[in-house]
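Only one chain is given next, in structure tokens, and it is the form predicted alone.
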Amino acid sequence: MTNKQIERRFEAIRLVASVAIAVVLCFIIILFISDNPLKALRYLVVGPFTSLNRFGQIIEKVQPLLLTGCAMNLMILAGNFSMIPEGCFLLAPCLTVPVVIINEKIFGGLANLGEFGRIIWVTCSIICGGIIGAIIGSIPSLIKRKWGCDEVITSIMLNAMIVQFDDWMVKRVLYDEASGLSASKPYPEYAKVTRLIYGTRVSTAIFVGLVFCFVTYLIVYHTKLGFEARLVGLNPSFAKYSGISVAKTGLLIAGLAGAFAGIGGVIHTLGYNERFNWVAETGFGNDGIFVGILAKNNPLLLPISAFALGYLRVGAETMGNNTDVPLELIQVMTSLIIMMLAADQLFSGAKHRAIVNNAKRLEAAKEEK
């Protein structure tokens, strides 16, 4: 067994142990705060699978996490800790999707084309959302390159501006007085993504997310840009002296991540919502970080980690609606998991001993030969 194999084994052990410890601690909390802890635990664990609607809710929560997870995966691998994918996720659909509502007379002809008209509109929306996301996603990297500002701060400030802009768009430009809601007019039927499961909001967006997970894997591990991005993330100085443009690579990755997040926002709103109302739908960037960490920055494992988070959230919602345990418990659980995963020294002693013992075994085997 090589040292790399040993490190991978201990990383897997650390991941499982982190999740297990967080779950056990939450179970203990439930035992103390609930009058009927067994009922609460049953709803938490089994609740998401007790009906088709609840299982559909898991898939609904997975859909946006796949593309935001891909975006944050690219950012983290390149050593860029910008939070701008969340802003791209919110702004791209705000500038793309309402066009069909404002100019319904112009685009209404698509309804006569049937399913082909839907494909045309969704495809154009995806392209426009990707372009807008790429532009917005590049801004923090450009500012860092030009003036040396930290991308974490600039991205958070830009995200706050985007939230306010979305609020202004909904209340001043798209507001539908007849609805009684802070939202736009309903989307035309031809402008929606096709639903897959009757009675749920599971749409073909889930397939788009799965495809982009595979595309992200190919970019990261089978392209020159992906290799340079990983090298920049591991050691920027070494990458620089190897002839790699750190600034250019960071800018390209930021633009690509922003494009993925923008596409995710467009697909999500067309498949999940009946109207444009995004003011309260923030936090997908943070969720993208969580599923990326849980997947150990492996794009192919993002569907599993996104499903795990969706399962936990639907279980917590089911438990909160049917017992005396608050919904905020799931936030405690995810925070505990992240803290445990961030504990690099967890099992470090055992890993070091395993590597030393492996080296001794290899040395002994060489001497015997």
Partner chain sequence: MAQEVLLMDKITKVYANGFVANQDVTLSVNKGEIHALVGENGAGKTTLMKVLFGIEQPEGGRIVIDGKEVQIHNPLEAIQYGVGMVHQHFMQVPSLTVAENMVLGMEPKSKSKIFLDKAEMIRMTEEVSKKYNLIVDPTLKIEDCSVVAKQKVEILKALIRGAKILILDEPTAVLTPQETDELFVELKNLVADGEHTIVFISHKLHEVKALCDRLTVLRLGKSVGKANVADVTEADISRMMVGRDVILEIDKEPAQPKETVLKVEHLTIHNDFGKTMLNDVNFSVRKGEILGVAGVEGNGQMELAEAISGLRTFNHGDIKINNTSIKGKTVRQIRELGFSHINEDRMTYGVADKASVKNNIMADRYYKKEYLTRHGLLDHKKIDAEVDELIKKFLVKTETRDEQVKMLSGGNIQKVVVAREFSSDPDIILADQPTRGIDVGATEFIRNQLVALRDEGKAVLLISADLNEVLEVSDSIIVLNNNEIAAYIEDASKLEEYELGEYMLGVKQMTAEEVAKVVHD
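Residue numbers count along the first chain shown, from 1. Remember, predicted model here, so these are calculated numbers, not experimental data.
Beyond the structure shown, there is the form predicted in complex with the partner chain, which is absent from this document and is the topic of what follows.
**Student:** Does at least one non-hydrogen atom of Leu294 fall within 4.5 angstroms of the partner chain in the model of the complex?
**Tutor:** Result no; Leu294 lies far from the partner chain in the model of the complex.
**Student:** Decide whether Val24 counts as a contact residue for the partner chain in the model of the complex under a heavy atom distance cut-off of 4.5 Å.
**Tutor:** Contact check for Val24: no, nothing within 4.5 Å of the partner chain in the model of the complex.
**Student:** Going by a heavy atom distance of 4.5 Å, is Gln164 a contact of the partner chain in the model of the complex?
**Tutor:** Gln164 lies outside the contact set for the partner chain.
**Student:** Test of understanding: in the model of the complex, would Gly243 fall inside 4.5 Å of the partner chain by heavy atoms?
**Tutor:** Judged by the heavy-atom cut-off of 4.5 Å, Gly243 is in contact with the partner chain in the model of the complex.
**Student:** Contact check in the model of the complex: Asn3, Glu228 and Phe238 versus the partner chain, with a cutoff of 4.5 Å between any heavy atoms. Do all three pass?
**Tutor:** Judged in the model of the complex, Asn3, Glu228 and Phe238 all sit within 4.5 Å of the partner chain.
**Student:** Heavy atoms within 4.5 Å of the partner chain in the model of the complex: which stretch in 252-260, 204-212, 219-227, 154-162 meets that?
**Tutor:** Of the options, only 219-227 has residues within 4.5 Å of the partner.
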